[in-house]
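Just one chain follows, in the form predicted alone, and it is written as structure tokens.
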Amino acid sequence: MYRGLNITQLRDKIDNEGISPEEIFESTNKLAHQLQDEYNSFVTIIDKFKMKTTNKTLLSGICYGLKDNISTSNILTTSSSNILKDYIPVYDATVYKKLKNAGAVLVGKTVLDELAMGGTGTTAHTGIVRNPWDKNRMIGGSSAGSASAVALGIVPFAIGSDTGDSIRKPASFGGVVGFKPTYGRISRYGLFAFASSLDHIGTLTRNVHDAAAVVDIIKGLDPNDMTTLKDDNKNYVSSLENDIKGKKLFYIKEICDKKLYQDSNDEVMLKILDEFHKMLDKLRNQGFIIEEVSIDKQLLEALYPTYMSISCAEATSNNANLTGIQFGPRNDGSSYQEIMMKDRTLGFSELIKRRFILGSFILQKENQEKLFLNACRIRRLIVDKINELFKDYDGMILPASGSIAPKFDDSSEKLSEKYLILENHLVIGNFGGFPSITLPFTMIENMPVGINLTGRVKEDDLVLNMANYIEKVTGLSDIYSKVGDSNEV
């Protein structure tokens, strides 16, 4: 009955049709349970309606999902890892607190790649998350469950975290809108840190308007997070219809030039690039100025190794407290060292252990200059180049991915030119803290494909404004997978 409705439509149901938030919650809860075994969107589904305030906002009575690496007092919060499988926090993350104060109703904690380290949605301790458009395909990660819950039409919005592309890539694969605001725009107090210089909290929605509406509520300065920015006092929703004529965008030749892939037999990738350039022509007709720029290919090829070096090093440091002593199930041992060894060996998946070993190696004194500090220098070169371009352009537009959602048996570690650049450029948004949004722009083989727009720091309103016009051109607002649809839910 309420499946697939966006925030505005649900608001109308409550305000003008007399539908109660309790009724919407019960329907949403039923649907979440109905689709859980098949798609595994949630770690925990909340079965009791709890509306924490009588405040009247756009989100009052609206159901949502929250990534399970965001602290919720008295609600299981596992970060999809065995080492935290029984952890119940004693405090609320700021983003959760703000949503409660706005009257939003939590339906469930969503599945992620373990400790948010991964891009497949396959490493959670509760199992893999399946793509609603094709159960044989990944939804991507790490915000897999959040993207899945929105793509399935269970909730109109979900909160995720993004360290390299963890909101925006699943958005592309799931046919939803993924928005990562400027670094510091949304408080990370209560987010389980992965890589602190790269981590962002953001939204997954079914249209750009809803992304703006949610961020309007959850943004702002937080005394508990010294990296937060002062509220810009802008209403992002009211900025959506601002005139975009004359706004200048660039795309990167070394990523989008089909000639570079002329020897490729990857028909899907070539089709995506074709559709991307057709979309650019349509946007030009709407008043955008879009130009091609060239960037040193060595810098672009350094994106992935730079990200891995910095993120693994920071992850090793941030997760040093996961010893099994303070949190999670504790194994027997004759000493605390033996207990920690057993807990971390049994509590982490092989992928996580490899990342921690790599991070420890990078942070060793003899390796810091060559590996970690050099990665930081390369990051600065990349950010400086993008900021230089942003002096002349209002945004960067690129395909969010060179592929549709991969099948589970596809290789995810292929170190090809395509993998290193076309599949990893979204990390630029994290390197520079730039606001960045992915939204669906075409369908290929009955699967959604996303386009990404990244803008200048602190110009979140402009990025959303331009994305809103792109959405009008694509005509792909509010799409969702109606698998298992039923009038009963």
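For clarity, every value in this text was computed on a predicted model and none was experimentally measured. When you see a residue number, it is the position in the sequence shown, counting from 1.
Same protein, other form: the form predicted in complex with glutamine (GLN), not shown, and the subject of what follows.
Task: Non-hydrogen atom within 4.5 angstroms of glutamine (GLN) in the predicted complex for each of Ser142, Asp165 and Tyr307 - done: Per the other structure, all of Ser142, Asp165 and Tyr307 touch glutamine (GLN).
Open item on the list: Is it the case that Arg355, even though its partner is missing from this view, gets within 4.5 Å of glutamine (GLN) in the predicted complex, heavy atoms only?
Closed with: Because a heavy atom of Arg355 falls inside 4.5 Å of glutamine (GLN) in the predicted complex, the answer is yes.
- [ ] Give a yes or no for Phe157: in the predicted complex, does one of its heavy atoms lie within 4.5 Å of a heavy atom belonging to glutamine (GLN)?
- [x] Output for Phe157 is no: heavy atoms all beyond 4.5 Å of glutamine (GLN).
- [ ] Using the partner position in the predicted complex, report whether Ala400 sits within 4.5 Å of glutamine (GLN), counting heavy atoms only.
- [x] Residue-level check for Ala400: no, no contact with glutamine (GLN).
TODO: State yes or no: in the predicted complex, is some non-hydrogen atom of Gly175 no more than 4.5 angstroms from a non-hydrogen atom of glutamine (GLN)?
DONE: Contact check for Gly175: no, nothing within 4.5 Å of glutamine (GLN) in the predicted complex.
TODO: Work out which of Pro181, Gly395, Gly119, Gly190 lies within 4.5 Å of glutamine (GLN) in the predicted complex, going by heavy atoms.
DONE: The option sitting close enough to the partner is Gly119.
- [ ] Could you tell me which one of Tyr236, Tyr96, Phe348, Phe194 places a heavy atom within 4.5 Å of glutamine (GLN) in the predicted complex?
- [x] Exactly one listed residue reaches within 4.5 Å, namely Phe194.
TODO: Could you tell me which of 110 to 118, 222 to 230, 249 to 257, 370 to 378 sits within 4.5 Å of glutamine (GLN) in the predicted complex, going by non-hydrogen atoms?
DONE: That would be 110 to 118.
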